[in-house]
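First, one chain by itself: the form predicted alone, in structure tokens.
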């Protein structure tokens, strides 16, 4: 009987390595069968509502990653950035000049900067009109509603009206919503909800926002 240190004549592996490889191959074959079956069951094709929420960094970044992916497939994308007012971010500088993207910065700035609730409400309603038209346009394949959750949580927009517009959108249109504390009603409407956890952030270490990473 060969010892575990004996070289396998075909591949230069020991008998122990050969047995490990065989077990791995059998395990992956079983896993492939399960995954293939699940893929085969997922036969529906529809526009999705995706929510990126939670206190962690990367919600908008993930949404803009999907913007890039969509453009790679030749899809048309509409982006509505609520709350934010700055137009010098890297994503705006890049995507707003790409064919197939309609990019709108629709905010007046963070609420602690504006310090004017009535102004924030008026700005939010004007911005929502832009978003509402996008949600009714079958030529737009993907709509990003960046930081929409705040407008709903602060009561700047009527939640029922927003949910109705999202439900009534073209059947193949995808909607990506970002922002902290997505409401139960919004999450119930979504097909996919991802909550990004805040484990550690450079800001709390006294490091300012960095180009290409934070803005």
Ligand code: ATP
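Because the structure is a prediction, the values reported are computed rather than measured. Positions refer to the first chain, counted from 1.
Note that the form predicted together with the ligand isn't included here; everything after this is about it.
At 4.5 Å between heavy atoms, is residue 76 in contact with the ligand in the predicted bound form? Taking the distances in the predicted bound form, the answer for residue 76 is no, it never comes within 4.5 Å of the ligand.
Item checked: Contact flag, residue 60 vs the ligand in the predicted bound form, heavy atom cut 4.5 Å -> So residue 60 counts as contacting the ligand.
Contact of residue 84 with the ligand in the predicted bound form (heavy atom, 4.5 Å): Contact check for residue 84: yes, within 4.5 Å of the ligand in the predicted bound form.
TODO: Evaluate residue 56 for contact with the ligand in the predicted bound form, applying a 4.5 angstroms cut-off between non-hydrogen atoms, and reply yes or no.
DONE: Answer yes; at least one heavy atom of residue 56 falls within 4.5 Å of the ligand in the predicted bound form.
If we take heavy atoms and a 4.5 Å cut-off, which stretch out of 167-175, 184-192, 145-153, 34-42 is in contact with the ligand in the predicted bound form? Flagged stretch: 145-153.
| message | Residue by residue through 196-215, which ones have a non-hydrogen atom no more than 4.5 angstroms from the ligand in the predicted bound form? | response | Heavy-atom contacts to the ligand in the predicted bound form: 198, 201, 203, 204, 213, 214.
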